[in-house]
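Considered here are two forms of the same protein chain, supplied as structure tokens in two stand-alone entries, structure 1 and structure 2.
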Structure 1
């Protein structure tokens, strides 16, 4: 494959070019209730060529090698057109030349597991949930995605890497008369098929929560002190903070760029936030990004002060900052964009019990359920929660939304526990989909968070 890629690059008369070939192998199984709605897989492949010349940059995707000369010609022409309408000539930050292959260690490669076994396991967990007579229906799915990537550039890099992801996830719906409640369930990761075995407790627990929500009372809206669990804290970290750490998000937004200036205090001294794709065994792990840069652990917030951000080669040159290896594409149809890998709040020195005791009275909120951001403001749903009185966890509540401002919320984090947990399944829809986007936190105690409810 490298010979093919290099032969294409030899046709490119430009300052710089790179090309990525991917084979994408996808397997899906889907249950709607007891009915099997889908089973099968497909394999597709293609190329993405990027060209930088005369201060202009362009990319083009193609799937047929017979179109390579047209693709090269079009990419060069588009780069030249872009150079005519670009106020600031585009440059790429210099990086090391890499000639490596990387295959992650997998505890059971899912490609070696039969489709019959995958179906049986998915059906087993689906039946387990449906055995609860309060569960009205389910949407439980198996997804396996393999990206086999080859990358080469005119600087001399040649990299091969495999990314393997599998998960069983979906929605559990409970019903009592006209009252309907939904709970999300998920197990998976990028460490191999074995992460999906013996996960009955996950599906049983989510089934139990779905039925208990039928008896829960709607939360009372207001401003409260709260403890967030690792899932909800992770979504806050990813959505409210993480995207503003992606250089391309703030690049042309003068207001946000001023607020996200390195050295700015954004939170209390207890808060440390890091993005680290190099953590093996985690959902967001990769060794090299999709423009051939080695991924690196990137501190973003240290003791409440902004110390770093995520970059492509282009934005690193534009900002005058270090390349971080965080430029990732969905698949062979797309040029890469800046993405988070594994973003998390670093563990603190407290315990979960200590946080609940410090909370005194308020709410303990668990698990993310959608949300959105608008500038520095955010609104997220929580799947469920509990009333906390005098340091004791009490009755369950439902219909929960939390909202606030990024900066004031970071400043109001007053305690962090030592129980960091990262997501097994993830997702981010910034421009393209990224099912390997990983996030998490320890339990965190936040003062004065707005909760919407009845």
Structure 2
């Protein structure tokens, strides 16, 4: 494969070029209620060529090698077009030349497990949920995704890496008359198939919560102090803070770039946020990113002060900061963009019970139900929550969405517990999907969050 990639690179008359070939092997099993809706696997592949020349940069994705001449020509033309209108010529930060292969250790390689066994396990968890008579239906899916990547560039790097992800996840829907409720359920990771075994408790727990939500009251809209659990705190960290640590998000936004200057105080001294794709066994682990840079642990917020940023080679050069190895593509259909790997708030010195006690009155909110940012504003959903009165957790509430502003919310994190937990499944939709986007926090206490409600 490297010979093939190098032969394409030889056709590129430019200062720099790189090419990535990926084979993507997907296995999917899908249940909708009791019915099996999908089972099987597919293998596809394609190429992404990137060109840097005369201060301009461009990329092209193609699937058919017969299109390679056209792809090379188009990428060069577009790079030259870019160069005509770029105020500052684009350059790439210098990085080490790497010629390595990396295959992460797996506790059971899912490729060695039969499709029958995968079906049986998915079916078992699905049946477990459906055995609850208040559950109207399920969408429970097995997904296994293997990316076999070959990367080469004109500087001499040649890297092969495999990324293997598997999960059993989906939606559980409960119903009582006209009232319909749902919760998400997930088990998985990038550490091998064994993470999916013996997870009955996860599915039983979420099935129980889905039915309890039928008796819960809708949350009352307003401004409240809240404790977020690890999943919800993780989505907050990813959505509200993490995206603004991605240099490509802020590079051309004057005000955001000003607000996100390194050295700026953004939170209280208790808040430390780090992104670390190098943590083996975690969902977000990889060794080399999709522009051939070795991933590195990147502290972002230290004692409340902004100390780092996630970069591509291009943005590292433009910002004059260190390259971090965070440039990742969904698959062969896309040029890589800057993504979080494993982002988390580091553990504090409080306990969960201590946080509830400090909260006094407010809400304890649990488990993420999707989130979105627009600029410094964010909104994300919680699957369920509890009223907290006088430091005691009370009745369950439903229909919870939270909204806030990054800067005021970070400043309002007043306590952090010691129980960090990272997500087993992820999904970030910044232009491309990233199912290995991993996040987590300990429990966190935040003052003055807006909760929408009728």
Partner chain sequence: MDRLIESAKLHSDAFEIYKLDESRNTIEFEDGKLKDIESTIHAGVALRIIKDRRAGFAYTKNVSNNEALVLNAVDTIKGGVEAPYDFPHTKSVPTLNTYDAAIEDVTNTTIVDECRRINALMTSKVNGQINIDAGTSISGIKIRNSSGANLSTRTSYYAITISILYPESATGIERSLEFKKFEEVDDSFLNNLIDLYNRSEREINTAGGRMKILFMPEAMYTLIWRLQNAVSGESLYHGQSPLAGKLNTDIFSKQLSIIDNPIDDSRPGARAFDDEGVPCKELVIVDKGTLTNYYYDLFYAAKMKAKPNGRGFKTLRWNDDRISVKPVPTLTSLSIEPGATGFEQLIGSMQRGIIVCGALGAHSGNIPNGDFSIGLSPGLYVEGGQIVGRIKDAMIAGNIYSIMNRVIDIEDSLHPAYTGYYPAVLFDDINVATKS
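All of these numbers come straight from a predicted model, not from anything done at the bench. Positions refer to the first chain, counted from 1. What we label the rigid core is the largest C-alpha set whose atoms superpose within 1.5 Å from one form to the other.
Matching the description of the form predicted together with the partner chain is structure 2; structure 1 comes from elsewhere.
Here residue 283 does not count as shifted, since its C-alpha moves by less than 2 Å between the two structures after the core is aligned. Core-aligned CA deviation for residue 78 between the two structures: 2 Å or greater.
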